[in-house]
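As structure tokens, one chain now follows by itself in the form predicted alone.
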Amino acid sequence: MYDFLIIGVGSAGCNIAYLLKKAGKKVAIIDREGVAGGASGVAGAFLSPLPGKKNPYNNLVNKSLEYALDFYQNLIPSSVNKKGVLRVPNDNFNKDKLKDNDIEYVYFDDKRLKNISKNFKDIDGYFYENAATIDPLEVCKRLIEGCDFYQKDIKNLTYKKDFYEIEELKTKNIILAQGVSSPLVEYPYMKISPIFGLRIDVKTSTNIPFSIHKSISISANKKDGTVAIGATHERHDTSLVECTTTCEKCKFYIDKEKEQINTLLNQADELIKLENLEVVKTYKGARATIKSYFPVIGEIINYKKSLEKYPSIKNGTKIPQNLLEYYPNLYTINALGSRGFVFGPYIAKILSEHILNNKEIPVEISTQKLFYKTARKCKL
């Protein structure tokens, strides 16, 4: 009998497992692909700030970043490659947006960059010191030390009075951290979209002094001598696509790997010349996100039963959260998107404090916000 069983062993699942284990709980984790077997294992794991005028989303990103950098450096300092990031202006982040923000930066013109390295192309950018990369697999493995791990493909949940039973396992509580995989219970208010990304690890004799980000991301040279280059390429409509595995096996994934690798390398070449270049490994994965880009955590509301009990919610009646119908002892932590390792530690901290100490979850990342919004649209 476990106190908590976590389904999904990416950044979200591993971080909440770590905190619950640290609190003295008996924790088991399950994943059909293995530890960091999905999007988290193929992530570039770039930890960087989000510039721009303050708003709820970039405030959450930057607060999470501060927390994550300290967390990883205390957890496994050897995995943290903290060399900062140079953001090069593009259509989404023009010079005005990069200049007009509350994050400290240093402007590098093309001459200064070429003094740092003759390999820089004719670019300029804004350097943010508080940025790093980490090794995602190494971090996930460290986070789940002391937890029992089972590699299983779970199809359904069985609740018996005071506990859940999954094959030979029993648990008092379940946390779903499944990313884009089909949920084990119905929560139609969470519209999870898979965003497919590609990352390549390359060898190069070029010294890259810090990470570079424009429409793609290039890491500084890692300790193993490789450099990570990554970007998001494909977004799919979840009304048409049900993602049940990693990209290499997904029948919906269009294999454009050669074309995408060439695109990454061409875009990288616009930023810095990579000499003696060799592609050593390719990674593909589907990141989980929702339309607002905020992560989502909390108790899972039973949508159908809540509306049957309070049909006036559809007309805008405000029913207190504690009166809604919930699946018993069932939580979620999901939709961390392309910032999985930025959000992971901080979002897991908020969820663990809610579960253990009944601390309120901020409305922007709560399951209740999505529930009320969907119910009032009366589309389901």
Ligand SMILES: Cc1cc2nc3c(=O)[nH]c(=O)nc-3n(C[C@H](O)[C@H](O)[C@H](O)COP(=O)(O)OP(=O)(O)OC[C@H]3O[C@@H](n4cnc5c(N)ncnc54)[C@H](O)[C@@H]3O)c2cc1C
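Note that residue numbering follows the sequence shown and begins at 1. Computed from a prediction, not measured in an experiment: that's the story for all the values here.
There is also a form predicted in complex with the ligand; it is not shown, and the following applies to it.
Asker: Please tell me whether any heavy atom belonging to residue 171 falls inside 4.5 Å of a heavy atom of the ligand, as the geometry stands in the predicted complex.
Answerer: Judged by the heavy-atom cut-off of 4.5 Å, residue 171 is well away from the ligand in the predicted complex.
Asker: For residue 152, is any heavy atom within 4.5 Å of the ligand in the predicted complex, or not?
Answerer: Result yes; residue 152 sits at the interface with the ligand in the predicted complex.
Asker: With the partner left out here, check for me: in the predicted complex, does some heavy atom of residue 52 sit within 4.5 Å of the ligand?
Answerer: No, no contact at 4.5 Å.
Asker: Looking at the partner-bound form in the predicted complex, is residue 349 within 4.5 Å of the ligand by any heavy atom?
Answerer: Judged by the heavy-atom cut-off of 4.5 Å, residue 349 is well away from the ligand in the predicted complex.
Asker: Where does the ligand sit in the predicted complex: which of 201 to 209, 302 to 310, 173 to 181, 99 to 107, heavy atoms within 4.5 Å?
Answerer: Stretch with heavy atoms near the partner: 173 to 181.
Asker: Identify, from the list 60, 68, 30, 324, the residue with a heavy atom within 4.5 Å of the ligand in the predicted complex.
Answerer: Spelling it out, the residue with a heavy atom inside the cut-off is 30.
Asker: Pull the contact list for 336 to 364: residues with a heavy atom within 4.5 Å of the ligand in the predicted complex, in sequence order.
Answerer: Heavy-atom contacts to the ligand in the predicted complex: 336, 337, 338, 339, 340, 341, 342.
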